[in-house]
Structures are given as C-alpha cells and as structure tokens.
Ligand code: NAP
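What follows is one chain in structure tokens, specifically the form predicted on its own.
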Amino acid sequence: MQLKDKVAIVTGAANGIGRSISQLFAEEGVRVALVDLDQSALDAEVHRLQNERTPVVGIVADVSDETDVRNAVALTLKEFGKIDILVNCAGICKMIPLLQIEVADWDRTMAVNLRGVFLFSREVFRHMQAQRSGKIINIASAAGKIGGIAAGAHYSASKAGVMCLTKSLALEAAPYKINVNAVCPGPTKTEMTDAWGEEENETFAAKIPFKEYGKPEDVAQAVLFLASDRARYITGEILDVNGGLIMD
C-alpha cells in the first residue's frame, strides 16, 4: 500500500472506469474525492466506500464548468489538506454519424471530454506546483488514435486532444517533478458499451486480438501504476490498455 494516505481526485467516479479507479485507490489506502454529475450514483458510491471505512468525499460537479471545478478542488483541499493525484476520467460518448452531429453535440462533447481535463488539470497544477510533486493521469481512448471505434468523430477528436494536452502539460510540469500521463483504453465493458447492444459488441470484440473487451479493472490497474512511485521517471506517456487492438 505505497499510496496509503495519498489524496486523489477522480472525475467521473460514480460509474464505469472511474468507479473502478476509485475502488482500487480506496483499497490501496488513498483518500479519494469522487467527482461526478450524477448525484444518485455518486451518493451510492460514496456510501459503499464509506461502509468499508474508506475516507472519501463526494462532490457533485460539471467538469466543464470553471466555477464547479474550482469549488471541487477547494472542497478537496478543505477535507484532506492536499492533492497528490488527479485522474481525469469524466467523459461522454455518443454513436452519431458525422452528418448527424449537431453543433451542440460537438460543443458538449468537447466541453466535457477536453475542456474538463484542461480545467481540472490547471486548477490542480497550481497546488502541485507549490508542493513540487504530483501525478496527473488522463483517460484517453483508442478512438483518439485511429478514429471512431463505436464513437462519433467528435468523441475521437476530443480524445486526440486529451493526448496532446497530456504531452503539453507533461513538459510544463516536469521541472516541478509532476508526472503527467494518459491511459488509452480500447473497448471496455461498462454501462456505455452495454448500451451498444449484443451484436455491436460481438463485432467489435472480434477485432481485438484478445477476442474480448477489457474490464474497467484493467484500466484501473494501469492508473494505479502511473500514480505510484514505480512510475517515477515516466511522463508524457500514452499507455495503451486494449488487448492488442492498437500496437504502437
């Protein structure tokens, strides 16, 4: 439990990959601020972790809203006194062909998936810069490397932006011994992929060398590694977790 008593913010923490990351952090002794827009799911997750005597706090926030982000960071500092780890996991994904993407769909996807990463990273970076340490881990997507994988062009573009932002921030943060990396999942079994339907899921799974979707826990384990001292000298890395779907 080398992360015991560290403090982490995890966005999109109430469902899917974010929930698995929060759970794994809690098992490792990390004090976690769970951030999500889904009040009921967030309350349920906070209650579940608190029953295991894990120090957690739930914060309802829209990651694309600058005021919400500042408040979430301030509440985390008030509750735990520091921030050691930030995981930007909140995201939205719609299966929409290009000609059906409305400007409002494009703007909302960019706001959540990319601006949210920027806002939280910028706000937390202020604190990490002062303490001269920290880990920022962004959740990207294989779609950001090769285009839509059961996702619209707006989702793919937003995740490509996340990867470039990760590298840019890594360069700026390195002098302060702050590691900035991204985890890039392929298709992962979550509530989102369940909604695609059995036929779509079988089609996509057949394209993966492992012949199956990843699990949220697979991504969480990669995040745990990057948050640990074992990844002390790794920054600006885009770590694929995709069963061989992309090898680069």
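Start at 1 and count along the sequence shown; that's the residue number. The structure displayed is predicted, hence computed values, not measured ones.
This next part talks about the form predicted in complex with the named molecule, which is not shown.
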Report task. Quick one: from Val63, Val30, Val180, Val223, grab the residue that has a heavy atom within 4.5 Å of the named molecule in the predicted complex. Result -> Val63
Report task. Could you work out which of Thr109, Thr76, Thr166, Ser141 is the residue within 4.5 angstroms of the named molecule in the predicted complex, going by heavy atoms? Result -> Ser141
Query raised in the report: Should Ala227 be classed as touching the named molecule in the predicted complex when contacts are defined as heavy atoms within 4.5 Å?
Result: no
Requested in this report: Tell me, yes or no, whether Thr190 is in contact with the named molecule in the predicted complex, where a contact means a heavy atom of each within 4.5 Å.
Outcome: yes
Query raised in the report: Would Leu37 count as touching the named molecule in the predicted complex under a 4.5 Å heavy atom rule?
Result: yes
Query raised in the report: Taking 4.5 angstroms as the cut-off for heavy atoms, does Cys89 touch the named molecule in the predicted complex?
Result: yes
Query raised in the report: So which stretch, 94 to 102, 169 to 177, 154 to 162, 124 to 132, is the one near the named molecule in the predicted complex (non-hydrogen atoms, 4.5 Å)?
Result: 154 to 162
